[in-house]
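As a starting point, one isolated chain is supplied in structure tokens, in the form predicted alone.
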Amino acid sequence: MDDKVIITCALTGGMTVPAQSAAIPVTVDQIVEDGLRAAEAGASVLHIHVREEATGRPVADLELFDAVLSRLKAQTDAVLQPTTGGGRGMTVIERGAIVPRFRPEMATLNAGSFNFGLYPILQRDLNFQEWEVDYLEGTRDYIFKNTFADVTYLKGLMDEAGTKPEIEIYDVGHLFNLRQLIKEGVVTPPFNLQFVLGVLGANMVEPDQLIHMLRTAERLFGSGNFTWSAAGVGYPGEFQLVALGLMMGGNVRVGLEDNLRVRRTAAAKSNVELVEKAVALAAMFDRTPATPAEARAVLGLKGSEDTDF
């Protein structure tokens, strides 16, 4: 598998707002269409949030999740990875409800709390909806809460459902949180780490930072006890981390949740453009996209047949 790379596409997210880009998929139809095209382009994992269809506001609506997950499962073999991160204002119970309801193969599990600032977006000359202004301004005083109790609760739901966590690491301290959770028996190796860099309030997109986080994880857990992926927020951070992740032998994540530009001078028209660019970069390093079956084998997933959607 050294020549393979697992490409995750984060389709819509829970922190951006539609005023930032008309390409952000909002409705069930749009999310499903973007997911199918991303999978065809080379994404073997689709990371999924849902939004209120009339406004684009991030929500934890199980009916919307059901519609997206069931339609995608019927049309693609890609790994469907719903979020337990949700969006601003959601409780941990709301965020975790997707796990017992759908018993997905994989779901995200954030390893620690941190500031999550999006309010600088309001400085842009965009046609914001009223809720978007409130949503973004509210992040000036927002902590994305993932306490030890929260992580333990969510991991317990995943254990009962047979769901493999993708552990989201936004800062190096989250690795030490994870070490404590291992000591407590909440998490056991092997596991998959997603290094997310570029969020205002957490670690930034710099080569030294990804290298430091990876080497710290290797020291704490042993390099044979985890797989890993890199996700950069914003442009050019997303593709800088794609290139660095490919060079260092990791997997990668792209998508409109994290970044809205395909080039400095061009906004992305859809998720597929971002996946296609990741595939092109991978080819330059003699790496090809892993199939969903190959991704499942590497990540140790139970298979799509053992889900409730």
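When you see a residue number, it is the position in the sequence shown, counting from 1. Bear in mind the structure is a predicted one, so any value in this text is a computation, not a measurement.
From this point on, the text means the form predicted in complex with a small molecule, which you will not see here.
**Student:** Does any part of Val187 reach within 4.5 Å of the small molecule in the model of the complex? Heavy atoms only, please.
**Tutor:** Heavy-atom contact with the small molecule at 4.5 Å: absent for Val187.
**Student:** Give a yes/no on whether Ala290 approaches the small molecule to within 4.5 Å in the model of the complex, heavy atoms considered.
**Tutor:** No, Ala290 is distant from the partner.
**Student:** So in the model of the complex, does His49 come within 4.5 Å of the small molecule, heavy atom to heavy atom?
**Tutor:** Contact with the small molecule, yes.
**Student:** Does the small molecule get within 4.5 angstroms of any non-hydrogen atom of Glu168 in the model of the complex?
**Tutor:** Contact check for Glu168: yes, within 4.5 Å of the small molecule in the model of the complex.
**Student:** In the model of the complex, do Gly85, Val196 and Glu257 all put a heavy atom within 4.5 Å of the small molecule?
**Tutor:** All of them do, each having a heavy atom within 4.5 Å of the partner.
**Student:** Of these, 59-67, 27-35, 249-257, 274-282, which stretch puts a heavy atom within 4.5 angstroms of the small molecule in the model of the complex?
**Tutor:** Result of the contact check: 249-257.
**Student:** Counting any non-hydrogen atom inside 4.5 Å, which residue from Thr76, Thr139, Ser229, Thr108 sits next to the small molecule in the model of the complex?
**Tutor:** Checking each option against the small molecule in the model of the complex, the one that comes within 4.5 Å is Thr108.
**Student:** Under a 4.5 angstroms heavy atom criterion, identify the one residue in Val233, Leu175, Val99, Val151 near the small molecule in the model of the complex.
**Tutor:** Exactly one listed residue reaches within 4.5 Å, namely Val233.
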